[in-house]
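So this first bit is one chain, no partners, the form predicted alone, shown in structure tokens.
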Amino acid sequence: MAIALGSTAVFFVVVAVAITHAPGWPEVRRQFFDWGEFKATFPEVARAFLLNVKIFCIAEVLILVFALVLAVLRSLPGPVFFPLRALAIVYADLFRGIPTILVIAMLGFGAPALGLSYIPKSVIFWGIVSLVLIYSAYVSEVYRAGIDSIHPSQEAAARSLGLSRGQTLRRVILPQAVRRVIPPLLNDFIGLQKDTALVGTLGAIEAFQQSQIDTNATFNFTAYLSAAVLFVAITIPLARFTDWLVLRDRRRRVAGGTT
């Protein structure tokens, strides 16, 4: 461990020395790491970042519900439910294959252009809809993996006690499946938090868009650092919380196996 820590420290020191002694480092430091510009732009970027947090919170709730519905539809047995299963499969394959920024652009610019009075014109609304459509496809696969991980004996035991298929799914299978997939769900939501910046392509003034405005006004790129700091301040705690959940689940499984 001492050798590993020492070699890691040496590596970062070498990289830092190489960067700071590069011929263009003074100009890079002035353009990207200007402390005065950081203090000037950070409050504006932080206020705009509240929109990112708002989009993230709304989209997360909708994704959790919609993706669970998709996963349940895909797990329904029997030929009578084949159309619903096929629809869920097509949805997941389609929206996992299209880049997020393309969905945001097509809905954000295309839907309001239809000119229909009952269609919202808000770019924030369509940005949230786009993120929900994309991430629901990914999260539904996470839910489905959790459902498939439940041993068939669980369902057989519940049905033998007189529970219907729906009651078994709601009271036995889904509670266990959701607990098992919480860590990968959090990983998806870390990606969702970062992708809220893509809503800025529609003109919404979120953190990244505000940093672009400040950059264009000052011809200095330090505003991007302000936005990066805010995103990191959210994603790193989520990542560590995910690691803690994974470790706790592993210890629980080990303890259950030993008993």
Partner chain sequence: MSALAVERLTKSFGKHVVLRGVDLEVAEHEVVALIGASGSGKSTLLRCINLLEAIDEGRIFLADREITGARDVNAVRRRIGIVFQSFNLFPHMNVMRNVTLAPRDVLGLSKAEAETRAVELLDRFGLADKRLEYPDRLSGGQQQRVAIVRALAMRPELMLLDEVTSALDPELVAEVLQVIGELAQGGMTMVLATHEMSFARDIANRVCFLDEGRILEVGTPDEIFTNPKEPRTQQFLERIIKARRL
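Residue numbers count along the first chain shown, from 1. Treat the numbers as computed from the prediction; the structure is a model and nothing was measured.
The following text describes the form predicted in complex with its partner chain, which does not appear among the structures shown.
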Exercise. Identify, from the list Q176, S149, N187, S122, the residue with a heavy atom within 4.5 Å of its partner chain in the predicted bound form.
Key: Q176
Practice problem: Counting non-hydrogen atoms within 4.5 angstroms of its partner chain in the predicted bound form, say which of A111, A92, L163, V72 makes the cut. | Solution: L163
Quiz prompt | Touches its partner chain in the predicted bound form: S117 (any heavy atom, 4.5 Å) | solution = no
Practice problem: May I ask you to check whether A157 falls inside a 4.5 Å heavy atom distance of its partner chain in the predicted bound form? | Solution: yes
Exercise. Could you confirm whether V172 comes within 4.5 Å of its partner chain in the predicted bound form, counting heavy atoms only?
Key: yes
Quiz item: Just one of 124-132, 99-107, 176-184, 79-87 has heavy atoms within 4.5 Å of its partner chain in the predicted bound form; which?
Solution: 176-184
Quiz item: What are the residues of 114-129, in order along the chain, with a heavy atom within 4.5 Å of its partner chain in the predicted bound form?
Solution: none
